[in-house]
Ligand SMILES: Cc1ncc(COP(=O)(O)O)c(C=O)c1O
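Let's start with one chain on its own, the form predicted alone, as structure tokens.
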């Protein structure tokens, strides 16, 4: 490989939430940290060079995104997600979750129903409940650890909803929703006049030669969609707090843009702007190698569990660098399981109920790390299981 993904970088002491919050959240700081959804890899050299060039300029006043920004974003979204956009559709946000929260505030009122599909990323829950909206859930169907959409339940819940928050691809279960899934989902949302906020932050991390499709790329769903994209996951840039919202329909775009402008959230930061341009224009070779490495990690993890830890169940992730592992065969409640993982296996994983009650008995593991760390984690887990089960 041209790029070194095996390099282990010590992130402790850098103000890194994934490592420096271990003592606060898990009670000890000597754990193998595979919880927070950021990767342990150095960023692409092309991005680092762009940031260094911007740093060397040495002046950091208010920002204006030049035409190249819109051109690069438009090309990436079209080529990667099949969604052809215009520059005027782009709205700026300091992150995808701020965008989701702003959409909840702008398009619903306190007491309105907002629908999510559980188990799902915890901030989706918070974006609804923190603002006094009613949380509606469409629990995913699970068979042999493989998840699918319960469309009958979805239709019933859409009758009660004013907004639907979609995770495409899905975190934590790793599903890459098919075009048929998205067509059926989009048709129901359109039928009941429920706008879709689509978090597509994991859309670049897709395996086995497949490609993610934006819900807005299908039929005329773009008129009913608020699409959120960012290089934060695929290029490991979450700390730069930069995202793009794509909204075709002026009836949705203009109120959202007005709110973002009134809150002064549109200027962005100098490094985030440069990083997006460099990632989407100059770093696709790095991403291509990253996907090979991540898929190898995924396959290693799946094979290891089947061979060495058959009590633990995992459906092969189709997307994301996150594994949704079923620990229920060990027979422990979640608090006991989490404590056992910390004390016996020395692992920091994300507990399943963090993603909704449907996640009980599960843990989310981040395999976006050098193989050495993943191997160490799995061997430690194997040893802990063999000693007690």
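Residue numbers count along the first chain shown, from 1. Here the structure is a predicted model, which means the values were calculated and not measured.
Separately, the form predicted together with the named molecule exists; it is not shown, and the next lines address it.
Asks: Answer yes or no: in the model of the complex, does the named molecule come within 4.5 Å of a heavy atom in every one of 171, 199 and 202?
Replies: Yes.
Asks: Name the residue from 32, 332, 37, 51 that puts a heavy atom within 4.5 Å of the named molecule in the model of the complex.
Replies: Exactly one listed residue reaches within 4.5 Å, namely 37.
Asks: Between the options 113, 82, 255, 95, which residue brings a heavy atom to within 4.5 Å of the named molecule in the model of the complex?
Replies: If I apply the 4.5 Å criterion carefully, the residue I get is 95.
Asks: Just one of 96-104, 74-82, 176-184, 291-299 has residues with a heavy atom within 4.5 Å of the named molecule in the model of the complex, so point it out.
Replies: Selected range: 96-104.
Asks: Indicate whether the named molecule has at least one heavy atom within 4.5 Å of a heavy atom of residue 164 in the model of the complex.
Replies: No.
Asks: Is there a heavy atom of residue 133 lying 4.5 Å or less from a heavy atom of the named molecule in the model of the complex?
Replies: Contact check for residue 133: no, nothing within 4.5 Å of the named molecule in the model of the complex.
Asks: Even though the partner isn't displayed, in the model of the complex is residue 157 close enough to the named molecule, meaning a heavy atom within 4.5 Å?
Replies: Contact check for residue 157: no, nothing within 4.5 Å of the named molecule in the model of the complex.
Asks: Going by heavy atoms, what in 205-241 lies within 4.5 angstroms of the named molecule in the model of the complex?
Replies: Going through 205-241 in order - heavy atoms within 4.5 Å of the named molecule in the model of the complex - there is one hit, 233.
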